[in-house]
Structures are given as C-alpha cells and as structure tokens.
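As structure tokens, one chain now follows by itself in the form predicted on its own.
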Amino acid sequence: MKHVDELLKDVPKISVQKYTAKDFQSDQDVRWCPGCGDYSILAQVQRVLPELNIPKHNLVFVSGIGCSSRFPYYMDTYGFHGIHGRAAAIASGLKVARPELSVWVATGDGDGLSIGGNHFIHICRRNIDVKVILFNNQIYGLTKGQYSPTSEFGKVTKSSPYGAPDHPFNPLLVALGAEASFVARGMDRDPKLLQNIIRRAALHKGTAFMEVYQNCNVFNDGAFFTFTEKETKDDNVVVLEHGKPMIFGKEKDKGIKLEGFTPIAVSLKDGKYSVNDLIIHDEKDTMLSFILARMSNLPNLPRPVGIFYAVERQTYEQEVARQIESSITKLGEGTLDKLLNHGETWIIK
C-alpha cells in the first residue's frame, strides 16, 4: 500500500490567496478633491482587508449618492452604486440573499441620515451583518455646501444664509437608539485608530456602525481640527479602550468620572481625584454607551472616539435561514407550481 505522502503528491495544491492593500485598489482614477479626508478612509479600508483573508469575490461595497458614494469604484471588489439614501436597503437584501458575502456600506451624513435615515434605522434594529461606514463632514459636499443633518445649529451655508435652524443628529445616538450591536467613531487623521475600528467591525457579527470624522477641505474645512490636529487633539479627545480608565490630556493628567449619570472632566494633578475615581470603559454597558455618545453634545468635555458599544446578538439573516430550514423540514422542498397554485385560485373568463 502506498504511503500517504506518496498519494498526496499527485493532488493539486490549493493555494490560499494572500492579498496586499494594492490588490484592493481598482484601476479607476480617484476623483475626490485634493486633501479630502475620503482618501484616508479608503486607504485604511484597503490596508485592513488583506488581514481578513476574505476572497475578493466575496466582498461587496454598496453606496448611495454623495462624495463618499464613489467608494465602490475605487475598490477592486464587487460593488453597487445605488440611488440616494438606499444603500442600507440594497445591502440588507444582498446580505439576506447571500449571507456568505462580506457586505459593506459607504455613506455620508446626508445620504445616510437624511433621505436614507429610515433605512439606516432599520438595518441597525434588524442587526443584519453589514458594515456601515458613515463619512461625517457635517456638510453636503457633492451638491456644493448646503447644511446637512449633522451640521451644527446656526451653521451658515448656501441653504442657510441666516444659520441652520435645525438641531443636528448625533449619529452615534441614532445608531444606539436603533440598537445597533456595534457602534464606533474614528477620524480620518488618526489612521491607527481607524484601522483598529475597521478591523473590529469586520470581525463583528451583526450591524457594525462606524462614524468617521472626515474633513471636507472645500466646503467645511477644519470642522474637526480641534479633535484631529496635533496641537489640540490630546486635550480635546478621549480614546475609549475596553477595561481601561478614561484618561486624556497631553500629560495624561485628566480623566472622566461620573456624577450620577453625568460625565465630568477632572484633573489628576492636584490629588483630589485619582485613576480609581474614573470611568472604566465597558463596551458591553448599554447605559454607558449612551452617556459617552451624549458627551459629544456637552460643553467642557473631550470628544470620545473608539468603540462605544459591541455586543453579540442574533442577526436577522440567521433567523431568516432558520425559518426557511424549519419550513422545508415541515413542508418539504416545494415547487414553483405548488406555490403558484396553492390556496384560493380562480379563472377569469
């Protein structure tokens, strides 16, 4: 009898494709304005995808309308450029029909939260295993500078010459309120943090929502510079790390503690407070995630970035698959003829 090694020598070797970031770059010229934060988001996605070992033919990027929605053209994967606000709906149908695919949505604060707001809410509550990247520049960039659902109150734009009268959405609170199972915030000018968020989101089973602060250097330049620039970032941003106290500041001498349900910033230098008084971040704490998301709207507090919330719960497509399997077990495979002729039928003469 032949040795196993001898038998296997004639079996064709199946090589596992190893990708690099360049493998995910399409042959299309990237047509964003020079200096746009979209370039960074694209680069971080392309850098993380090779780590995931997902075959390119199982990756799909879906978008709606807006500057961010050019994203599928620049990814050498499958893609779908949909209509305004409908990316989440298209991605939902695709994931339920083809659950083996890794489905991603690229959307903006206008596309995703204005005309697409209803679809965004429902993809979150259903917990469909889709990764949603929302490029938030607090402006309508593609249509040349009107105020968006995330523009600050009083924002003077082409469509609000006397100041925006709307109260803006906080995207994180919308996602948490709709019970998304993964909610995070990154920044275009912090590639390391953004890569970590994208990596975690990719591995998460369920709706993974990522808000990304993205600078529109033409129509809303500097909207997030307080939080992204080297001179001001450390004193105005607190990076959330699971199981670690919330410390910030250039000298790591400040922290966040709770007074009741209200977060306050305290100094660690004068001896009044220590690290033991600070909030320990817990990604699975629902109440804490709302408190931290709400910090973005409170004065005299740093802006939280990182992963706010990450829990596992059953996905929508898992339940659909279970129902189909249960029905087949109970009723059999069925045929198209039976489907068309079951129940009441009649002939019209």
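What you are looking at is a predicted structure, and each value in this text was computed from that prediction instead of being measured. The numbering used is simple: start at 1 and walk along the sequence shown.
Omitted from view is the form predicted together with another copy of the chain, to which the following refers.
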Inset, instruction - Verify the flagged residues Ala43, Arg199 and Thr226 against another copy of the chain in the predicted complex: is each one within 4.5 Å by a non-hydrogen atom? - result: no
Inset, instruction - Flag Asn118 as yes or no: does it have a non-hydrogen atom within 4.5 angstroms of any non-hydrogen atom of another copy of the chain in the predicted complex? - result: yes
Legend entry - Interface membership of Val174, another copy of the chain in the predicted complex, 4.5 Å heavy atom rule: yes
Legend entry - another copy of the chain contact in the predicted complex: Gly222, any heavy atom under 4.5 Å: no
Inset, instruction - Tell me, yes or no, whether Thr20 is in contact with another copy of the chain in the predicted complex, where a contact means a heavy atom of each within 4.5 Å. - result: no
Inset, instruction - Name the stretch: of 205 to 213, 258 to 266, 238 to 246, 190 to 198, exactly one has residues whose heavy atoms fall within 4.5 Å of another copy of the chain in the predicted complex. - result: 258 to 266
Legend entry - Those residues of 305 to 328 which, in the predicted complex, come within 4.5 Å of another copy of the chain by heavy atom: Arg313, Gln314, Tyr316, Glu319, Val320, Gln323, Ser327
